[in-house]
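Shown here is one chain on its own, the form predicted alone, set out as structure tokens.
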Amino acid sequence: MRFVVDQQVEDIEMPENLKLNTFLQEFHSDCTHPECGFGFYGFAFGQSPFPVPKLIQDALIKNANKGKYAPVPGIPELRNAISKYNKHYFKMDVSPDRIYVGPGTKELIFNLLEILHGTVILPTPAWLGYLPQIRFLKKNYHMLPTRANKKIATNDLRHLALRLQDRQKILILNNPHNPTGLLYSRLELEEIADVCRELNITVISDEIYAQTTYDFSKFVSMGKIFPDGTFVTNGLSKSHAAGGYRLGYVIFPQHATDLKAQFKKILATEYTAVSTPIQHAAIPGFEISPELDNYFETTRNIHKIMGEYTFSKLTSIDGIKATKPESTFYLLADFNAYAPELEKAKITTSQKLSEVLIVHPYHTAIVGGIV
């Protein structure tokens, strides 16, 4: 029996970070040098190194017997907790009925792209997961290259949007930003929001790294700046080091009642609901507690130490530039000063550089900045 794969699937490439991580999970160094028995140094996969907060672990154990299907948008207790969480930390007064729970923000962004008509504007550099989703859904899209500061320039956004004929445009905003570690200020977000209002641009604001902002007082959600036109996604994966729990949420814009009904239909069709025990386990992760505050403060301080140390070490090398992270556990390094030497070694792309670095004598895993 020969099985034929749909061409739409054939045309999709696995994101480079996941492709590399899959390789690394199966990677065992067969290097003959005894000092290489450790395997490799892993800098390639965006996963927080910390343990899941104990109060979430305990809640998962306690609720392991919850075997019934959950409501499609999420259990009420969890949506209420997320509502209070956003009011406490992000100063957003969001009613629970504007919140939908899904199996990770990745899936929720995919679902939003399914139901929203229009051309997608993708600022670059970007997280490697966005583009495969856009292509899989056969959405029209345009890249929006950022300038030297690696942030969206409002004039560039306006000029691009004016060239697009769609009644609606969709801007994917990632703040704090993967892979640069940069943070948009309130003023920068306000300027972007002004353009979006003017030119009917809907925003999907991926804020999964919000709680990792080193100086948390500087984080502002786009949902607060542009509440009538922004979908905010967030979850447990980065801030709570619980990527494997696969739980995220989306906050719908104000007055998007009809759209929520369409979204619910999509969720019910595709996966019914998020695992019920996981939803119950997530509740204390979104409740306000001294234990959680201490966890956030400790982990973001460690991220800051490592981010600043890595930035300092990289930029001390003559010719190398890098973004100085203000959040997350990423930075973007620029090796273009070494392009002539790298070309002599037949290394002409960042992806090729990452492939070379994984083998002896380097054994270092990084992700190329291809988008």
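Numbering starts at 1 and follows the sequence shown. Computed from a prediction, not measured in an experiment: that's the story for all the values here.
Same protein, other form: the form predicted in complex with a small molecule, not shown, and the subject of what follows.
In terms of contact with the small molecule in the model of the complex, the residue from K87, H142, R246, R135 that brings a heavy atom within 4.5 Å is R246. A single residue from the set S221, N111, T299, N178 has any heavy atom within 4.5 angstroms of the small molecule in the model of the complex; that residue is N178.
Of the heavy atoms in T105, some are within 4.5 Å of the small molecule in the model of the complex. Although the partner is absent here, Y330 sits close enough that one of its heavy atoms falls within 4.5 Å of the small molecule in the model of the complex. At the 4.5 Å threshold, heavy atoms of S237 reach the small molecule in the model of the complex. The small molecule is not drawn, but in the model of the complex it has no heavy atom within 4.5 Å of Y100. Contact with the small molecule in the model of the complex, defined as any heavy atom within 4.5 Å, is confined among 111 to 119, 283 to 291, 208 to 216, 187 to 195 to 208 to 216. The candidate spot formed by W127, Y130 and N174 lies fully in contact with the small molecule in the model of the complex, as each residue has a heavy atom within 4.5 Å of it.
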